[in-house]
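Next up: a single chain in structure tokens, the form predicted on its own.
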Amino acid sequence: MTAALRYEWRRLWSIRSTYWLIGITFGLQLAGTLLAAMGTSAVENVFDAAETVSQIITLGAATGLSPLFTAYIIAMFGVFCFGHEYRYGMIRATLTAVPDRRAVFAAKALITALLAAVMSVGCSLIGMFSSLLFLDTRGALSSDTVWYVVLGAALFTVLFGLCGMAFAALVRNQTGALAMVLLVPLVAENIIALILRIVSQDGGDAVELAKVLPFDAGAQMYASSFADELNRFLGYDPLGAVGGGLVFTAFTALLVAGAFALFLTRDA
């Protein structure tokens, strides 16, 4: 296992896409949060300081009205950990150097989870820095509200990254896995949720199924109090942070388990 971890760590830092993705993620987060903090400074007294900081560090995703942008970029690391191997045929070299497939898969999962967690927390810290520059954040940065969002966003991003890794291992195609990472949460889930809401207008309970759509349920882990109030106003009662987190964790576990089983039985 140690050899597999060393191999995967060295492989990660030997490809240019790693540095590009890190730079793009942090660069866009810095630019986005600076603009958000500047725009919010004019109306900062309208909202609670902790709520404002939460919205800035997630670029509005904590409202539930937009996706967690950085999670989608970070999820690409999960896709590339298998995607690059299959795209360039390097999976054969990897399995020759480390013949234990269980160790190879576990190393990729651990490195993906670690990198996703570190980058997510780093993005949150960048958002806090931007908030400090333009807003009166006294007491906000140490509030439970802000750190609840930071923790929830990190957990969501880790699970999202593992989903990206599993997609790539399942389809063994980098482009296909990238498409799935973008289309499943942003398009497929929204279409399914819309259909379920239309069906439920006739008195059915189909809308309840929308609560367990995995990526939407997982987003409740970093939803702020404003998102809860907005959902109540709209008449929508999603799963809470714990329930949504469990649904997304279960979905990710099934996806990863399926990818692991196929990785063990397929040829290289």
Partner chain sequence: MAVIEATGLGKSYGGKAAVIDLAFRVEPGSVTGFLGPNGSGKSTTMRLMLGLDNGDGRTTFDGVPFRSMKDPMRHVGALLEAKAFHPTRKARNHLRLLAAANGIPDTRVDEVLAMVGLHSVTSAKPKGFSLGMGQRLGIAAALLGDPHALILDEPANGLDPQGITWLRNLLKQLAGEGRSVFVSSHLLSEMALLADQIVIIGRGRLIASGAMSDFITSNARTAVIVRSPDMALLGPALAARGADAQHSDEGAYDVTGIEQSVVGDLAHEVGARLHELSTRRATLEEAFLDATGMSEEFIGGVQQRAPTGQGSPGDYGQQGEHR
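Just so it is clear, the structure is predicted and the values come from calculations on it, not from any experiment. Numbering follows the first chain given and starts at 1.
There is another form of this protein, the form predicted in complex with its partner chain, and it is not shown here; the text below is about that form.
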Practice problem: Please run the contact check for Ile15 against its partner chain in the predicted bound form: heavy atoms, 4.5 angstroms, yes or no? | Solution: yes
Self-check item: Contact label in the predicted bound form: Gly89 to its partner chain, heavy atom within 4.5 Å
Solution: yes
Quiz item: Is there a heavy atom of Ile192 lying 4.5 Å or less from a heavy atom of its partner chain in the predicted bound form?
Solution: no
Practice problem: Would you check, heavy atoms only and a 4.5 Å threshold, whether Leu95 touches its partner chain in the predicted bound form? | Solution: yes
Quiz item: Heavy atoms within 4.5 Å of its partner chain in the predicted bound form: which of the stretches 96-104, 160-168, 126-134, 139-147 has them?
Solution: 96-104
Exercise. Within 4.5 Å of its partner chain in the predicted bound form, which residues of 2-17 have a heavy atom? Give them in sequence order, or say none.
Key: Ala3, Arg6, Tyr7, Arg10, Arg11, Ser14, Ile15, Arg16
